[in-house]
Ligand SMILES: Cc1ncc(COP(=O)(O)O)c(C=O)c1O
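The chain that follows stands alone, in the form predicted alone, written as structure tokens.
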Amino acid sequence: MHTGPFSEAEITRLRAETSGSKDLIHFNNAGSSLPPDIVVETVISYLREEALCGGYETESRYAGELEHIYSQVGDLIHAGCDEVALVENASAAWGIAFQGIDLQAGDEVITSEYEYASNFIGLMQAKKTRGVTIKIIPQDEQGNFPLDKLEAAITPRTRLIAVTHIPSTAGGMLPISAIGEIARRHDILYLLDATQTTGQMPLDVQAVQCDLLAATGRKFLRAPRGTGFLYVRKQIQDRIRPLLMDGHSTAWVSDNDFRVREDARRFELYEKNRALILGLGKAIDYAQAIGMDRIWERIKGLAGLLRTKLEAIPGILVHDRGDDLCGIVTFSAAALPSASLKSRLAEKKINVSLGVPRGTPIYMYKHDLNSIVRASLHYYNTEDELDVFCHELSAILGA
């Protein structure tokens, strides 16, 4: 593992190992990062071997590597391999965790205005079908999460704190370790969505004190689409009801009974894409070799620099608020709709994303944001790309 800041030579090498970076500026890493070539090659190689040798036969040949993925995920988030379940995406992970909690009428769930739409839909469904009460803690005027308001919202009926660390359409972050301390002190289950966290910055479930964590591979981790994982703290696994089960999720089955596994794989099903899982493992190795602390420092630096450059462009409004900001930069232009900006930038081979209320509904509606441009940066992006981006943006706006 390297230490210290990235050198120019290292960035050049990392970009050379990312074929997609040669022909475009990719500022949509919060959507889906460009994968390293070794990740792509791993997936293709496995699929080719499946085609030539057979699916089950290839799986048997790679049994050791496939088993090792659980340890790799555990090392990444400081969890035990028996606390990791491999799933297709963060939405699946979050749904397995949330729907597995035995919430009853009158039970309370606390969340924040940053919650993802898919998670919020799950909360609303629980409200409609189970009579659960949902409490939303809004950010304060400075864009920070008020821990005192969280503490005050807790009652004897509070069963779960379910929050997203980094929202889809804003650059702010929640104080997840402080939230975890409050949840543990009150003996309340804590479900954390780390969709944008994983791969962007160091993540330690022991320090955060979450009971459940949902993550995806395709975003900052640079893994293939269709990969993700669920962390379930060992001590609470028996409190989460598996939604679907098969022979893989059970320890044994008789003609009149069964017993679930003793680890988090009770929340998996047997059939999944082994090629993509191996790609996930390669992506984790790639990130760990670079160093998560180094990755986070570079992303923060690039994002801060981009915000400064954007604020200097007439007519651009940067929307990110709060004391702690991440690699997601959101903005809009007074003179042109965000969708048009995105399309015009795409013509210049610059990838950004469009943020709409459907992605982060509570936050977007609260701040009267109909649509924004989201530029999300990674360590393989460069300051030269920031300059090109701002030059093209200024040209589009006639600034």
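Note that the structure is a prediction, hence the values are computed from the model and not measured. Residue numbers run from 1 along the displayed sequence.
One more form of this protein exists, namely the form predicted together with the ligand; it is left out here, but the text below deals with it.
Out of the listed residues A90, A264, V109, I277, A90 is the one that sits within 4.5 Å of the ligand in the model of the complex by at least one heavy atom. Using a 4.5 Å cutoff between non-hydrogen atoms, K282 does not count as a contact of the ligand in the model of the complex. In the model of the complex, R222 stays away from the ligand, with no heavy atom inside 4.5 Å. Of the heavy atoms in Y116, some are within 4.5 Å of the ligand in the model of the complex. By the criterion of a heavy atom within 4.5 Å, I166 is counted among the residues contacting the ligand in the model of the complex. Listed stretches are 188-196, 152-160, 124-132, 173-181; the contact stretch with the ligand in the model of the complex is 188-196, by a heavy atom cutoff of 4.5 Å. For the partner-free chain shown, T216, R218, K219 of 206-231 come within 4.5 angstroms of the ligand in the model of the complex, judged by any non-hydrogen atom.
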